[in-house]
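There is one chain below, alone, in structure tokens, taken in the form predicted alone.
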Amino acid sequence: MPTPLEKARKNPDSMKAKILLSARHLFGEYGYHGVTTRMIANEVGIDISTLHYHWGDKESLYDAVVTDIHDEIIGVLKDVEKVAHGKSMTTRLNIAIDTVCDFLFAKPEVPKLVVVSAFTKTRPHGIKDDRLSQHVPNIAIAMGLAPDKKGVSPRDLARVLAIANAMYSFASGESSFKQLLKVEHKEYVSIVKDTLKFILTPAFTQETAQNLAVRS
């Protein structure tokens, strides 16, 4: 039998999908404990009984939101791996930064929820939203930081996380950072991409060149 999440994905115009979308925005903005089912129901324009009929309790809905978001992120990362694998470090970084930034800025609730859930005690007991961790080694390999999963060191993982955290921070903090820079959305996204490339490309390409020199 299909799960509520599978049903919502299959029919984006359904009530399940509408509730899921509102829950994504609210959980991303206020965290698990800052959101009530009444808030979600009010945003959708339904009563609480209808929400519970479609999704059960708040914990089940939050788990579906987390699963939905991480599945989307994983899909984006797999796309990056396919395109970037085997290319130069500069090209890999450019592809990763452009692709992931485009995704995060197109769906601002995603970086907000990731940041809120990662750095605050905002999720219910029993729900682990660390599913992305199993894919971090694959990104390290695709970026050329390690030859295979056995060769992925804690330092390699930390460098992948450094890239991810920078993108999440810029995307989730857009409203504040944009005011600071005095720019509109389109220019802000462009500046973020250029800044990330300006900082990361020299750091990664220099070390790659040094490693190749040592091996030769």
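The first residue of the shown sequence is 1; numbering continues from there. What you see is a predicted model, and the numbers here were worked out from it, not measured in a lab.
This protein has a second form, the form predicted in complex with the DNA, left out of what is shown; the following refers to that one.
Between 52-60, 166-174, 149-157, 182-190, the stretch whose residues reach within 4.5 angstroms of the DNA in the predicted bound form through a non-hydrogen atom is 52-60. In the predicted bound form, the DNA lies farther than 4.5 Å from every heavy atom of N42.
Within this chain, V35 lines the site of the DNA in the predicted bound form, having a heavy atom no more than 4.5 Å away. In the predicted bound form, at least one heavy atom of I48 sits within 4.5 Å of a heavy atom of the DNA. Using a 4.5 Å cutoff between non-hydrogen atoms, M15 counts as a contact of the DNA in the predicted bound form. For the partner-free chain shown, nothing in 84-109 comes within 4.5 angstroms of the DNA in the predicted bound form, judged by any non-hydrogen atom.
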